[in-house]
Every structure is written in C-alpha cells, then in structure tokens.
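Take a look at this single chain, the form predicted on its own, given in structure tokens.
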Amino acid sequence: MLYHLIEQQLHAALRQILPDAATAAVLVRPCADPNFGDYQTNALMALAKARKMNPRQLAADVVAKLDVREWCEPVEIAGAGFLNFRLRPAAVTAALRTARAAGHPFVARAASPRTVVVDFSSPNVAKPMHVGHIRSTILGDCLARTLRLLGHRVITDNHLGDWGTQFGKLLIGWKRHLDTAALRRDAIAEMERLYKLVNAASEADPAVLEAARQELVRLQAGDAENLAIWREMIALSQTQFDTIYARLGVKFDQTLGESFYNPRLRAVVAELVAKGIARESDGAQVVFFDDLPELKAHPTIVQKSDGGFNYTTTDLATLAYRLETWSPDEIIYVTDGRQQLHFRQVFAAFGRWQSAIPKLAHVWFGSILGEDGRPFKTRSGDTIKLADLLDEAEERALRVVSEKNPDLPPAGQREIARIVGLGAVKYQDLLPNRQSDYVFSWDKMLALSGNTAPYLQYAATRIQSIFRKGDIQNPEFGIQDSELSAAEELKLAKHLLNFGLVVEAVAEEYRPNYLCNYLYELAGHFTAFYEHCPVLKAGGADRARRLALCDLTGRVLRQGLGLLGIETPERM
C-alpha cells in the first residue's frame, strides 16, 4: 500500500535524524482537506516538542533525508511542521495495476499476525434473542471478519448464559406446568412462559421460591433428572439460536457457556485468596481496589457470603481458560455500555492475578431507541424479539422490491428482499458511532438514497450491470500504461487506495462506522466518475482503464459490505 511505503521511508529518514525516536507513533494518514495533498503527518511536531526542538526545522531536516520521489511530488512542509504528500498520477496508476492482480485489493495482511478472541452475542438459555442482541452479534461478527481479512488468527466464542438462579424456577415450571405440544411448536416461547409463570408465583408465595431454590441446589449437586432437563433446555435453545445466526450469516468457533467454567470457580477464588488479592468482608470474598482511584469505591465480590459465585468469578475463570488454551494476544468483549464497570473490575482483578496478560478490550455500545426517543419496544411495551424484527425487515424490503421489480418471479423478489432487508438492519446498526444511542427507523434504513445499505448494494449491482450491458463476461481489461487523466478518475482511484487503511482502523479502534462512511463516500466518487467519464463508449486505453476502475470499485464495495456481514445481490 502506498501509504505504508511512504510511512516506511518517513521512519527511515527520521531515524537518521533522531535514532532513538519511537517511529511506531509516526503515522501517515489521508489529508482531511485534499487541497493540502493526499496524505499527511503531524507526528514530527510532538517529537520536536518533547525534545524542545524547532518543529519546522525538524520537519525540514527529515524531508532532506526523505526519498519518496517514486510515489510523490516534492513533499510540502506546512504550518508548524506538518508534512503533506501529494501522489503522482503514475504512482496511483501503478498501484491500481498491482491491485487488479490481488485477491484482496488494497488490503495488506498484518506483518505480525496476532491471536484474537472475540466474545460476543451471548444470549441466555430458555429466553428468546431480542433486539438488544443485534448490536453485540453484528458488531462482534464484523470485527471478527475484519481481523481475519488482515491475517490474524481469530477465535469467536459465544459465552451463553446457561447457568444461574433462573434455572431453579425453570425446573419448577418444567416439572409442574410444561405444555409438551407448545414446547414442540416453539420451545423458547414455552420456556419463557414457564419462567414468567413461576417467577410471578415465587414473588407471591415464599414456598414456591424455596422450592425453586431446592431445585437449583439439586442441579448444582449433579442430580441426574435436573441435569437431563437442563441439558434439554440448552439443546432446544441452541437450535433456535442457530436459526437466527444462520439468517444473519454469523458463525462461532466456540460456544462455551457459563456452565463450562463452573468446576473452576472454587479454585479461582482459593488462588485469589492465597495471593492476597481477595479477602473476607461480611462473610464474602471480595477484591478491593484501594490503589485505583476510579475503582476504589467499587470493590467486586468473587464469592458470596452463602458460598455462591457470580459473573465476576465466572469471567475470571473464563479469562484464565482462554489464556491457557489459546494463548491470545488480545481478548475483545462486545457488550452494551451498562457493563463498563463490571469489565473494569474484571480486567483489574485479572491483572493482579496473572503476571502476563493479553490486551483486554471492552468494546461497548449504546442503546437502540424508538422514534419517540425511548428504548425500542413493541407498541404494547414488550421487548422486540430478534426473529420478529428480521421478519419485518424482509417483509418491508419485499414491498419495495416488488414495486421496483414487478416482473421478477416471486422467489427472486423474496431472495433480493432477504438480502436487502437483513443488510439494512445490519448497516443501520453499524453506521453510528457504536458508543452512541441511535434511533431505529424503518424508512431511513430501507431508503435507496443516502447512507444506507440498499444504496450501497444498488451501487454494487449497478457496476455489475455495466459488464452485463457491455456483454463483458470474461473481461480482459486492466490499467494500461496511460495514466489516469480525468479528475474524477483520480479522485475515485485515490479513494480506493485508502480502503486498507480504513480496514486497519476498524480493527484497531473497533469502529465499523469508519468502513460504513468510507463505502458511502466511495459510492459517491463512483457516481461522479460514471457521470463524467464514459466507460463502454470510450475507446482503447480509456475504456480498458475505466472498466478496471469499475471492477475495482465493485470488488471493494462487495468486500467492504462483506466485512459488515452484508450480502450483495446480483440485481436490485
């Protein structure tokens, strides 16, 4: 990638001036204003300030040692020490020629691949997946796809909620009130009904609550009957979860629920106590953070006064297992923002317990709101089930597709509607800053204009139509020796060159919205190019070059949407 080559030369020049400089922080990034150039670095100013040097003089000294003539016009020094790089058209043309032959154009594989565990989705057994699960599931899947494209070893783990106090109530419900016909029709709905029934009864009658507690004790002690029922609950739940994941195109390498770690919990607490990390307080074992101002007022319990364990204990055991089993360089947790304190506590406790720990990242996100600005729910105030949301997305998309393509056979309409509807849901979720709440809007998400999945999918299919229209089935076209000439060609080409940089930023900062906005801008650049630069009607080298630009744009659009977990139909 050109920006990597420029960066490497910049680092080499800087080391000649400041041999001890930390070059990893000296980055070359696209200029926010193209009037200043194509790429820019401001890192020399910080280096100069730290050494009490004149930043413009340092910039001049570095430029004197910097050789990027192969790719750039003479480097410009601006302001207090910015370096601006403007690409030569010949270098852009050569980069496109290289990209045409690449399997993943414009994306460089990581020089030092890492092992990364991504923990996401994590629904609870015996409960339906609801709209709140969409963010974790889609965001985690996108990050896993992106890291894999960059060459990292990724292990995705669905940490199911399959253990805990709710199972005592579920066991009572199963034994006393189970409707087997309803269980066959919709297992999740029946188990949800049982839980609500017993939960209400236990609030009204202490005897029911005590009976549920006894059932839980028997389960935890290994009672054969209760274990068999519990395992059936998990299997039935997993079947319905898998149906949702198949619709979303999401796969997991591991599905290790909370119960998997249960045998490890007592040993975890014993070791924390032995090392002085946890100590007794009011009968419980507690980790205090007296030396951490942000956590001093928030100690965390690892064993309750009744001897029971909690989420903190389980998460510590989970971290230890992952460290032992996969030796990861990084572990990413994708959950909603309400768990920020919990993960700060877990990471701090784990850092005291283990001597060498991987990078631990809590990638948190905001809430989905209705158009009234309140949490997104049904009109009756109930939580929206994820399956119902996806059904409605496809049905709404089908109405749009049927209007636009009345001559398509019904099966074709439904397949396009599936791709468009599910893509629209995913894109609307990934487009905002993940830490912000966003308003769910059916009309906006399915619009064929604006920054939406249907708009980008349509842009990709329009490119496909160019090759169909020109009857170019086995295209033999490429970037010829003639340079890009039209301004619209150059703008499109330079934007394509930045695809890999955006993909890297998504992986480093866990922000798919960077990719969404990049793809939207790419579609805009392509529209301007197509309006000003004839493709099929052009001749010779111009036609070949422009067809290659169309092909590369289509490939980047499809790959970018693929990283977001969004399919692209052949026609729309």
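All residue numbers are counted from 1 along the displayed sequence. A quick note: this is a predicted structure, and the numbers were derived from the prediction, not measured. Take the two forms, superpose them, and find the largest set of C-alpha atoms that agree within 1.5 Å; that set is the rigid core.
A second form of this protein, the form predicted together with the RNA, is not displayed here; the remarks below concern that form.
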| query | finding |
| --- | --- |
| Three-residue site 143, 155 and 383 fully in contact with the RNA in the predicted complex at 4.5 Å by heavy atom | no |
| Sole residue of 414, 304, 176, 266 within 4.5 Å of the RNA in the predicted complex, by heavy atom | 304 |
| Selected contact from 465, 112, 239, 180, since only one has a non-hydrogen atom within 4.5 angstroms of the RNA in the predicted complex | 465 |
| Segment assignment from 324-332, 184-192, 86-94, 294-302: heavy atom within 4.5 Å of the RNA in the predicted complex | 294-302 |
| Partner contact for residue 165 in the predicted complex: the RNA, 4.5 angstroms, heavy atom | yes |
| Residue 341, heavy atom within 4.5 angstroms of the RNA in the predicted complex | yes |
| Partner proximity in the predicted complex: residue 469 to the RNA, non-hydrogen atom cutoff 4.5 Å | yes |
| Exercise: residue 531 in contact with the RNA in the predicted complex, heavy atom 4.5 Å | yes |
| Neighbours of the RNA in the predicted complex among 407-446 [non-hydrogen atom within 4.5 angstroms] | 416, 420, 432, 433, 435, 436, 437, 438, 439, 444 |
| Residue shift check between the shown form and the other one, rigid core fit, residue 327 Cα at least 2 Å | no |
| Per-residue C-alpha change between the shown form and the other one, residue 114, threshold 2 Å, rigid core fit | no |
| Residue 134 C-alpha relocation of at least 2 Å between the shown form and the other one, rigid core basis | no |
| Pair residue 393/residue 447, Cα separation in the predicted complex versus the displayed form, closer or farther by 3 angstroms or more | closer |
| Closer or farther in the predicted complex, the Cα atoms of residue 458 and residue 441, when the shift from this form is 3 Å or more | farther |
